[in-house]
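What follows is one chain in structure tokens, specifically the form predicted on its own.
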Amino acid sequence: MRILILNGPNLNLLGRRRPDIYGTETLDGIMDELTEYLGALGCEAECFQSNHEGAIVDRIQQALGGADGIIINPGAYTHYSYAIRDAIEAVGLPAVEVHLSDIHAREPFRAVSVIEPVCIAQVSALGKRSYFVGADILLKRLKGSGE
């Protein structure tokens, strides 16, 4: 099974940006752990981060035929990127939206996700564990044993 892990804008600054909210671990460190975790479950993972909306849309479209599912932390694009939302919907791959922080307990604009309606689940507020819980949900769906 092939899993595409997408990370949006400013996530490349993890470990330095707002450690009180996002923690002190780097994106590379989290992705290394997640890739190892998925590998132990028999999955191949590809990680991609971009600060550019179009690059994320392009990568989602390229996943068609090359990935079985998507884990996405859209960052700030969560709240307004209909382009990313439409790309996820168009490729039809199961996707899980993840967030390190509790987007529902922060600024009011962060509580709204335009991405969530085209995903099978949204996981937030667990720090880096959000990625791992999201991976478990996605794999359960891909294996046909759950929502």
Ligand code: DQA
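Numbers follow the displayed sequence, beginning with 1. All values reported here derive from a predicted model rather than from experimental measurement.
One more form of this protein, predicted in complex with the ligand, exists but is not displayed; see below.
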* L38, I103, V91, A121 - the one with a heavy atom within 4.5 Å of the ligand in the model of the complex -> I103
* Determine which one of 94-102, 39-47, 23-31, 63-71 lies within 4.5 Å of the ligand in the model of the complex, judging by heavy atom distances; exactly one does. => 94-102
* Asked: Is there a heavy atom of R17 no more than 4.5 Å from a heavy atom of the ligand in the model of the complex?
  -> yes
* Would you please decide whether R85 lies within 4.5 angstroms of the ligand in the model of the complex, comparing each non-hydrogen atom pair? => no
* To do: Determine whether any heavy atom of R59 comes within 4.5 Å of a heavy atom of the ligand in the model of the complex, and answer yes or no.
  => no
* Asked: Is there a heavy atom of L11 lying 4.5 Å or less from a heavy atom of the ligand in the model of the complex?
  -> yes
